[in-house]
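So this first bit is one chain, no partners, the form predicted on its own, shown in C-alpha cells.
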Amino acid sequence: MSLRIILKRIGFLVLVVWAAATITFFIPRISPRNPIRERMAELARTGGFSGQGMEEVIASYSARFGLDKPLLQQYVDYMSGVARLDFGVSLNKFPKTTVELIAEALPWSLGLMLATTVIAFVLGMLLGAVAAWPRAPSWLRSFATPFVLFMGVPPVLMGVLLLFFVAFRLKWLPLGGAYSIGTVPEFSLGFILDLARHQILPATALILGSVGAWVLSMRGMGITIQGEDYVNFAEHKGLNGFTIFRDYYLRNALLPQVTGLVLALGTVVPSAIVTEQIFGLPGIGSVLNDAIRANDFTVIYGIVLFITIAVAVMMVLLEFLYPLLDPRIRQEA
C-alpha cells in the first residue's frame, strides 16, 4: 500500500473526527438551555442545593467550564481538548473528567461487545454458509431458521424476556450485576466464573438479536458464490465437498462480511449500552444513563463523540486490513 493511500485514509479519519466534534460542540449550544443552570436547578429540586446565591454559583461554574467565553474561543478550546482526548469535566461527578468515567466503564462494555460480536459473527457465518450449501444435510441447514426468527425481537426486549423467565422465574442465573454482591474483584478462578455467570444473559440477548442478520447475509453471499467459475472448476476437479466448502466457498463468501462486521458495530453499540442498563452492568451504558438523568451534557456528548471516533478508527483499520485478507485487491496509487 502506497504512502499516498495511507495519508488519504488518515486524512479521512481526521475529517470524520473534526465533523463529529464540531456537531457535538454546536448541538448543545443551539439550545437556549444552560447546562450549568439545569444542573443547579436539579440540585435545588432534589434538596441538594438551597437555591440562595444560585446566580453566583452559575457564573462561577460557567467561568470554570469556559462557558463565559466567546463562542469562537469556546470552539477552539474544545477542539484542542478533543485533539488531546480531553472531552471535558463531568458536571455531575466533578472533578472527574469524561475520559476518566469512560476509562472506568470501557473494559466492561468492551469485553461484552467484543465477545458477543465475535460469537454472533462466527456463528452466523457458519450457519449462513451451511444453509446455502446444497450438499449440506437438510437437518443441518434447518439450524439457521430459529436464529432468523429471533431477528424480529430487539436485543433489549430479548434481554427483558430472558431476565424474567430465566433469572426471575426459573432462578437459573443472576438477575443482574457484574458479579455477586459482597464479592471482591480479584484475578482468581472463582471470581472469573462468577463474572462469566453474570454475563451469560446479557451476552445471550445480544447474540440472539444479531445472529439472524449474519445468517441471511452469508446465505445470500453463499448462493452468489455457488455460480462462480472457481467453484465449478473445483467441483469438476473432483475435490471433496469439505475442501470446496472451506477453501473455495466459505473463504470467498466471507470477505464482504468483514466490512459488514465493522459497520455492524454502529448498531451493536447502542444495543449493548441499553442492555447493560437493563442488567445493571457498570459499563458505558450505566455512565450514559446516569449522565442523562443528571443533565450531565459534557459526559453525554463526550461518550457520543468517543463512540464515533472509535467506529471511524475501526473503519480506517479495515481499509488497511482488507488487502491482507484478499490479495486480489490492489489499491490504486
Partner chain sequence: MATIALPQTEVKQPGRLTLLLRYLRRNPGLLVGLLMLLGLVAFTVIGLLTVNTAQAYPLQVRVRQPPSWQYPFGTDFFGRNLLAAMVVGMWQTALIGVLAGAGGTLIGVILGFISAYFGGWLDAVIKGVCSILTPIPALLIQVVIASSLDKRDVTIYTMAWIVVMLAWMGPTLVVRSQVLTMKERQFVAVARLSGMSDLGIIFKEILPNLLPFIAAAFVGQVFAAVFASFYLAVLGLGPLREPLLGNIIWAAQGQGAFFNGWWWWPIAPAVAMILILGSLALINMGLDELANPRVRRSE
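These numbers were taken from a predicted model, which means no experiment stands behind them. Positions refer to the first chain, counted from 1.
Not on display, but discussed next: the form predicted in complex with its partner chain.
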Sole residue of R84, R169, R246, K96 within 4.5 Å of its partner chain in the predicted complex, by heavy atom: R169
Residues G128, N232 and H236 are flagged as a possible site; in the predicted complex, is every one of them within 4.5 Å of its partner chain by some non-hydrogen atom? no
For the chain seen here without its partner, which of 96-104, 133-141, 161-169, 189-197 has a heavy atom within 4.5 Å of its partner chain in the predicted complex? 161-169
Using a 4.5 angstroms cut-off on non-hydrogen atoms, would P155 count as touching its partner chain in the predicted complex? yes
Going by a heavy atom distance of 4.5 Å, is K69 a contact of its partner chain in the predicted complex? no
Find out whether any non-hydrogen atom of S271 is located within 4.5 angstroms of its partner chain in the predicted complex, and reply yes or no. yes
Decide whether I292 counts as a contact residue for its partner chain in the predicted complex under a heavy atom distance cut-off of 4.5 Å. yes
If we check its partner chain in the predicted complex, which of the residues in 288-310 reach within 4.5 angstroms of it by a non-hydrogen atom? L288, N289, I292, R293, N295, F297, I300, Y301, V304, I307, T308
